[in-house]
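First, one chain by itself: the form predicted on its own, in structure tokens.
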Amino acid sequence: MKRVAVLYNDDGDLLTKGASDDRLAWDGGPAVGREVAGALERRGFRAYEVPCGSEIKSLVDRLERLNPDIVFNVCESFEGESRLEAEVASLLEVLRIPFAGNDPLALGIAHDKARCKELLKGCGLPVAEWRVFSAGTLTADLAGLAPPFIVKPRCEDGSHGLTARSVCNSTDEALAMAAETSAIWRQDCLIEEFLPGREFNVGVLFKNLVLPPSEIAYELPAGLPNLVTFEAKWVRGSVYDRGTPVRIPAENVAERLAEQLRSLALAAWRALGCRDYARIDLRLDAAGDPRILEVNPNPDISPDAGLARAAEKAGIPYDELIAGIADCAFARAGGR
């Protein structure tokens, strides 16, 4: 029987930054680990749930004792630091343990939103224009950008640091918000043009299988910006949770637009060297043309998360999705 260690983050009380409600996001690690392990067991694998913990030596010792055929890596942080997600994948490479999920390079590039945008733009792909607000100098040159703007931490994911106040209607407001965000998150920020159009996400699986686009169907009260905030993702029953339903698949999408979305998603996947599973977020500009917002390698793989729901709508049930991702790792391992 093929042996799979399901590696997940269990940050618990180690969280040290952001608002106290931040644990609403990171405490999901053990739940994801259980779901993935259960799906693997139902598909005939022997699955072991392995928390990352907070000590590298303990983690290495446990993996060496288990000696799994592969690791299914759903670890999104280490010691509460999302920037260490890529380093966990690097550790698996150093230990020469084949693993399911994206490699450290793709994870690292995607985590740095500015570097990711530079890569995508350099590949000729359309992105929302941006400037970097430096935490060191508390400045950013916004020449060439017109409001409204959106301000976001440079190196976070899961909508961390995003609230209704992140959308700013003037240069002064954006610079003040960037200074505040930078101080809270202890890093640079992006000040980015806030695109006015529809928002989509497109999943890519296995070896370049592109799922049909899904859409964030904004139904928010007047006065609130159309934005997937932290509350929208993590605070059940909040105004933003209720006002950001996801249509899977997206409705009333012209075939030309659907093809553009699929093509851009696949191009972004290839530009970052993604593998196994990723989600690409896109939004329409004022002319109705799609631009890439972000690339998300190793997005939430819970059964009720968008990627799994989109896969199921495309005829790939959850257990088959998880087994298919694991099989990608086994193929790279050469049947180890």
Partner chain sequence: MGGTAIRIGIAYDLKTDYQGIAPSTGPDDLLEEYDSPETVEAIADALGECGHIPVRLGGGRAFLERMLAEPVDLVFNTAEGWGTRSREAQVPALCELLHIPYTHSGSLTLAISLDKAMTKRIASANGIRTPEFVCVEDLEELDAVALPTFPLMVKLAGEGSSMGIGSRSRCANIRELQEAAAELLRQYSGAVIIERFLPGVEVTVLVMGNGAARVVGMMEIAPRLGSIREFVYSLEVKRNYRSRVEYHAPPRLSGPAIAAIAETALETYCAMACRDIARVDIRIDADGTASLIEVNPLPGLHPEDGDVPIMCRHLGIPYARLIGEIVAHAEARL
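In this text the structure is predicted, and so the values were computed from the model without any measurement. Positions refer to the first chain, counted from 1.
What follows is about the form predicted together with its partner chain, which we do not show.
Each of V88, V94 and A271 places at least one heavy atom within 4.5 Å of its partner chain in the predicted complex. None of V239, L105, L224, L138 but one reaches within 4.5 angstroms of its partner chain in the predicted complex through a heavy atom, and that residue is L105. Checking L209, I184, C123, A258 for any heavy atom within 4.5 Å of its partner chain in the predicted complex turns up a single hit: C123. Residues with any non-hydrogen atom within 4.5 angstroms of its partner chain in the predicted complex fall in just one of 306 to 314, 38 to 46, 285 to 293, 57 to 65: 57 to 65.
With a 4.5 Å cutoff on heavy atoms, F78 counts as touching its partner chain in the predicted complex.
The closest non-hydrogen atom of L175 lies beyond 4.5 Å of its partner chain in the predicted complex. Although the partner is absent here, R83 sits close enough that one of its heavy atoms falls within 4.5 Å of its partner chain in the predicted complex.
Interface residue remark: A232 is not counted as part of the site for its partner chain in the predicted complex, having no heavy atom within 4.5 Å. Of all the residues from 111 to 126, those having a non-hydrogen atom no more than 4.5 Å from its partner chain in the predicted complex are D112, R115, E118, L119, K121, G122, C123.
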